[in-house]
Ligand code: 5GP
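Below you'll find only one chain, the form predicted on its own, shown as structure tokens.
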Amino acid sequence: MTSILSIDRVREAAHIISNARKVVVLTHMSPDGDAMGSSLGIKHRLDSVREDVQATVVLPNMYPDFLGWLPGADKVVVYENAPEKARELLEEADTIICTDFNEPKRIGSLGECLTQVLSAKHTPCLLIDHHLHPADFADVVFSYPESPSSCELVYRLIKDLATQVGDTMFNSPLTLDTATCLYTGMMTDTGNFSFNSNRADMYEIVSELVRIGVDKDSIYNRVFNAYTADRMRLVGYCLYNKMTIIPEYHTALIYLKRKELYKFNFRSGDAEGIVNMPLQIKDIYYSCFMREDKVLPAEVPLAGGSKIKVKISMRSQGDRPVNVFCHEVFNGGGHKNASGGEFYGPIEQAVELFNQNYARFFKQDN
């Protein structure tokens, strides 16, 4: 498999990791499969090759229930639940690794802690990400927006540390825990390999992970077949009552207020995958799903006084990118066919913003 990472940056990363003793791994708010997989994958890799390293994953807020089975998920530190412990870990860290986010504000109030630590101590920091426009805060940056997932980039870095740098410390095989976490992120960030996944080398990685012992069928069931009856009823409500079609732009929009979510006993993760469903309709190539949520304590600096946050997810098909739309309209991003963003304020304003801008970004062709 051809390396895509800069060999000079791989060497810099090797130097930093070789000198690390206390490592904190950070990932974005509302962590999804790629966030959890990449951060936990790095922790398990460090645990397996460095007996003298203490690696801790710190999350801005809690992960959804359907990812709780991931190896090591029960040992993460959640800033929202334990802010003092999270700050202490960051202040004591001699190395920080950031995965699946491109700027400190993507981790809410935890981003302020990160910025303060980097300024005060200049703790060495690595960034491994596949979103557009990375901010200038890390010492070594692996930013590849063309990559389908951050987990794939973590896998490539692990391999390049062994094959390109040739350091014997990095030569040991991947453990099953590492492989399981990385596969989960690759699977979820491609919608079970249904978008951004038409590259042969990605399946070479999948093949290697399965060879290590990853049970891909079991992982699929744990992630995609673990919903409640309330969630299924929510899906029906979305498709029957809330889906708007904009035929001339091949676009579908679904949006939900918090009071609608309460009707279905909404839990974190229940909205997963709803945004993909309109793409099953003939001639629908763009799909947007919005839902109101509360502003978490970690997000107060971003909210501008609003108590309401709107989470925006977008999907598309073929040569119809949505990441630029999300970046420019909703201050978000992602990869070409799967992106998202946030809006702080009433959902009606977010919908209005969507309606004012989609014609500038979406194609009308067949």
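Treat the numbers as computed from the prediction; the structure is a model and nothing was measured. Sequential numbering from 1, following the sequence displayed. Heads up, when I say rigid core I mean the largest set of C-alphas that superpose within 1.5 Å between the two forms.
Keep in mind that the form predicted in complex with ligand 5GP is not shown, yet the notes after this line are about it.
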Is there a heavy atom of E292 lying 4.5 Å or less from a heavy atom of ligand 5GP in the model of the complex? no
Does any heavy atom of S339 come within 4.5 Å of a heavy atom of ligand 5GP in the model of the complex? yes
Looking in the model of the complex, any heavy atom of G332 within 4.5 Å of ligand 5GP? yes
Contact label in the model of the complex: S313 to ligand 5GP, heavy atom within 4.5 Å: yes
Ligand 5GP isn't shown here, but in the model of the complex, which of 180-188, 99-107, 114-122, 231-239 has heavy atoms within 4.5 Å of it? 99-107
Could you list the residues in 117-144 that come within 4.5 Å of ligand 5GP in the model of the complex, counting only heavy atoms and keeping sequence order? H131
Tell me whether G332 is among the residues that move between this form and the one not shown (Cα shift of 2 angstroms or more, core superposed). yes
